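A single chain comes next, written as structure tokens; it is the form predicted on its own.
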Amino acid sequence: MSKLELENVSFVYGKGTPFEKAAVKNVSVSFDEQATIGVIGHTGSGKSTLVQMLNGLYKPTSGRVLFNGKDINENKKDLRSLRFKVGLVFQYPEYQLFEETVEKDVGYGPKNMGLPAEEIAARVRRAVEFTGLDLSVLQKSPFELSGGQKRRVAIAGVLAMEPEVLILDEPAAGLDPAGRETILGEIENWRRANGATVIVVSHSMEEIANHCDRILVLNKGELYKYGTPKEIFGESERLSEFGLEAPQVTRLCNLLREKGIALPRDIYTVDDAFGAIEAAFKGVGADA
């Protein structure tokens, strides 16, 4: 049994009004445990709506969201404790910082869990260190920090609750390439250390290819496919029909293949491309 599942889930905005719109349509999926799962789709495909149903912020119009086999919306009183186990980081989470020090902001969730002060302090330190921040920031105001540091503080606030499932909606949005890779690498280190499941919404196919074990593709609110990067990006032409593109390095390798360079078809990361291109040119004569 998967820890987190969607069972024939649909969500309709403005149901029964002239503005009624189906955002998610009859989606069923069991999320792999202890994996990093990417959620992709064109703008308006239902990605954010779907992930906000996973921790009860939205209640499905029909269908069920199951956590450990139990419908999370069966009892409203259980939703509060669920959100400690299924943590959600919104896009641009730094806009939700509010405490006077980083320590208090990161410790806000653990404090609401009713944990003793010593455990809260330990969790705050662990979470801050996982996001790559120095512990010297703990007594600073979060509003004195840079944009990237604020993003890390906001993410640390969810990590400190040590959720079993961590959901992030565009966690690297607005950061430079180095900052994006750093944030996503730190999240992956946290997942491995805690044996958690991570679900990431992203518009960047490069991020998804580099960091995800499985990928869920939405198209107009419907589940198109749930599979490995190889299974998903192997259908680059089909993805293009949905307004999605394969990673840039995949498109580059496709062009090289058209020029006669013998390259595998399942290249989705720069590291894979480097090795394959190096091997291909070693096999070419010196006059090439």
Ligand SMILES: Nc1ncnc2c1ncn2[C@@H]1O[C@H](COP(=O)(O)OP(=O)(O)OP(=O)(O)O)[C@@H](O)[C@H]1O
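These numbers were taken from a predicted model, which means no experiment stands behind them. Heads up: residue numbers just count along the shown sequence, starting at 1.
Note that the form predicted in complex with this ligand isn't included here; everything after this is about it.
Participant: Can you work out which of N219, S236, S48, T61 has a heavy atom no more than 4.5 Å from this ligand in the predicted complex?
Facilitator: Only one option qualifies, and that one is S48.
Participant: I need to confirm a contact call. Of K111, K140, H203, R80, which residue comes within 4.5 Å of this ligand in the predicted complex, counting heavy atoms only?
Facilitator: Contact residue from the list: H203.
Participant: Should K21 be counted as a contact of this ligand in the predicted complex, where contact means heavy atoms within 4.5 Å?
Facilitator: The answer is yes: K21 has a heavy atom within 4.5 Å of this ligand.
Participant: Classify G227 as contacting or not contacting this ligand in the predicted complex by the rule of any non-hydrogen atom within 4.5 angstroms, answering yes or no.
Facilitator: Close contact is absent here: in the predicted complex, G227 is far from this ligand, nothing within 4.5 Å, heavy atoms only.
Participant: Find out whether any non-hydrogen atom of E99 is located within 4.5 angstroms of this ligand in the predicted complex, and reply yes or no.
Facilitator: E99: no contact with this ligand in the predicted complex.
Participant: Using a 4.5 angstroms cut-off on non-hydrogen atoms, would G44 count as touching this ligand in the predicted complex?
Facilitator: Yes.
Participant: Thinking of E5, S30 and F90 as one candidate spot, does this ligand come within 4.5 Å of a heavy atom in every one of them in the predicted complex?
Facilitator: No.
Participant: Heavy atoms, 4.5 Å, this ligand in the predicted complex: which of 66-74, 48-56, 255-263, 228-236 makes the cut? Say which one.
Facilitator: Contact criterion met by 48-56 only.
Participant: Considering only 164-198, what residues come within 4.5 Å of this ligand in the predicted complex, judged by heavy atoms?
Facilitator: The stretch 164-198, when checked against this ligand in the predicted complex, contributes only E170 at the 4.5 Å heavy-atom cut-off.
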